[in-house]
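This document starts with one chain, in the form predicted alone, laid out as structure tokens.
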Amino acid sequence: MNTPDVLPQQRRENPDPQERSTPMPRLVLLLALVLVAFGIDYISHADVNSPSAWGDARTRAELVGDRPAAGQGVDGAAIYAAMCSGCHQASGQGLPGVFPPLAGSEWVVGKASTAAAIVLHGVSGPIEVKGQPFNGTMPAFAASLGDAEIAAVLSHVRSQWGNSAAPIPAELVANTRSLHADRSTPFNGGDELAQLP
């Protein structure tokens, strides 16, 4: 068999690196075994059939939160910031041609029962606010907000941005809710709202 000729360029090359067996350090191996043993021991001693308890000793009421009764402790400004300002803006000015303003709105400072009906069931269709036409949809909040929360947010809106109307009690919202209990669709624009008792 002939030996191949080794060229000078090949003699200058370093040999290809080879991987050697590098055993895991004993300290790391011992630590891994201790952790596995601890995990097995912990799981085997856990009582999976016992009822779960709150790990940090908080009660269910603290974790879930209870709805305040009769308007006490309800922050209308916080509800407005969380649920209304996305459309009507923090300034209450709305977006021209898209979302009507609440500042100076005749619907806000007008009949309290109409304002409550709007928040409870929403509005869909043409409505005029401060002489400007709008044709959109406002969602209903009857299912997501309680009477005290709706009363608080309406009272907040009726006292902000130059509005000066009386606060709305939770009882009025409850009465409006029961008056329109059979309603499942939004009010059809300003014409239907104007006919509300």
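Small disclaimer: the values here were computed from a predicted structure and weren't measured. Numbers for residues come from their place in the sequence shown, where the first is 1.
Omitted from view is the form predicted together with a small molecule, to which the following refers.
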Contact of S113 with the small molecule in the predicted bound form (heavy atom, 4.5 Å): no
G39 near the small molecule in the predicted bound form, any heavy atom under 4.5 Å? no
Can you tell me whether T137 touches the small molecule? I mean in the predicted bound form, with a 4.5 angstroms heavy atom cut-off. yes
Check A142 for me: does it contact the small molecule in the predicted bound form (non-hydrogen atoms, 4.5 angstroms)? no
